[in-house]
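Before any questions on binding or motion, here is one chain by itself as structure tokens, the form predicted on its own.
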């Protein structure tokens, strides 16, 4: 490779794209002549995952944006899937159209994201997720095909499940929409927020059932832990997400969910030349106990990964990652929403917005995630996020890892 430094970013989602743009815009003229940035992505289209529930409901035709207009033109796009990382040889194997190419790297950013969890029996065969564009489109077609009076069951009482049930009910008023939550609806939110959102769901015709865990999905219904079967024509699965097995199968250290274990600088605990960002990464509790899956963390972690890459290329000590929250934002159809103001650690403050104004704020935030990511092509730091909560003191010299996954 001579004097050229190659940075390979694996994953064309929120974390990977923002990392690519911020890294490129942060390089000086001389650094850029010696640095090659490659973004490995499955397609030439960026998917706004925070809008896929709109696609499933039929309020939006698609959630795709051409990578060519979002990513800096100096960043090389490599279409394909990373299938193995060889940390010792600094190679990543990328499969494209059945053939595998070994790509060398000096730094590798691991930003492979997450997808639907299909571990519950019958989910893969009889349910549709909304974690990728193809399934969201298939979900909309299934709802349309089911016709008037379609029975739609949404499994998952978190943010994604509530947004999906709301959108489907509003866009398909003749449908019968049931939302199944294994615990309390939006259990991490304040009771006042839960009550407000339940009222909105009831108003638009969503039947909410809490504390009922789905243990199996059949061709005709969702089977609860009580043995009851809730019948459906269409089942939308939003209950949980999983991460790709790339880190585990590559022999890198992972947590129980398969997420890459990184240190306080986002560097792999096995190889400091591998930097992690996004849903598929597990931070130590000292800086990441509050982190949950989703766009709200993927974007700032992508920016932090760019800073770590840049620091190590310059021979500097990388900064300790510090990312925090501002809001919890939920759309409740196109005309209503709920905005909970939170502390940096995601705990609620005594301030919230509801109704139409909250819907407008949520839409503005969704637009901002794309606009600011695009602006990062020229302006590093265009996407701003607050610093994280005060660092926790870890009582042991090494971070303590756990296998739980906090789902968006």
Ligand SMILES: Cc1cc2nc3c(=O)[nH]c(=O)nc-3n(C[C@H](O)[C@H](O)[C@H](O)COP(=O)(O)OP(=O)(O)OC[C@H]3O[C@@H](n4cnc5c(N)ncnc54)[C@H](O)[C@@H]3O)c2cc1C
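Note that the structure is a prediction, hence the values are computed from the model and not measured. Residue numbers count along the first chain shown, from 1.
Only in words, not in the display: the form predicted in complex with this ligand, which the text now covers.
Considering this ligand in the predicted complex, the lone stretch of 274-282, 119-127, 172-180, 138-146 in range is 274-282 [heavy atom distance within 4.5 Å].
Residue in contact with this ligand in the predicted complex (any heavy atom within 4.5 Å), chosen from 232, 338, 241, 105: 241. Checked against this ligand in the predicted complex, the candidates 298, 304, 71, 262 yield a single residue with a heavy atom inside 4.5 Å, and that residue is 298. Taking non-hydrogen atoms only, residue 19 never approaches this ligand to within 4.5 angstroms in the predicted complex. Contact check for residue 308: no non-hydrogen atom falls within 4.5 Å of this ligand in the predicted complex.
This ligand in the predicted complex comes within 4.5 Å of no heavy atom belonging to residue 156. Among heavy atoms of residue 268, none comes within 4.5 Å of this ligand in the predicted complex. Highlighted residues 57, 165 and 333: none comes within 4.5 Å of this ligand in the predicted complex, counting any heavy atom. Annotation for 113-129: interface residues with this ligand in the predicted complex are 113, 114 [heavy atom within 4.5 Å].
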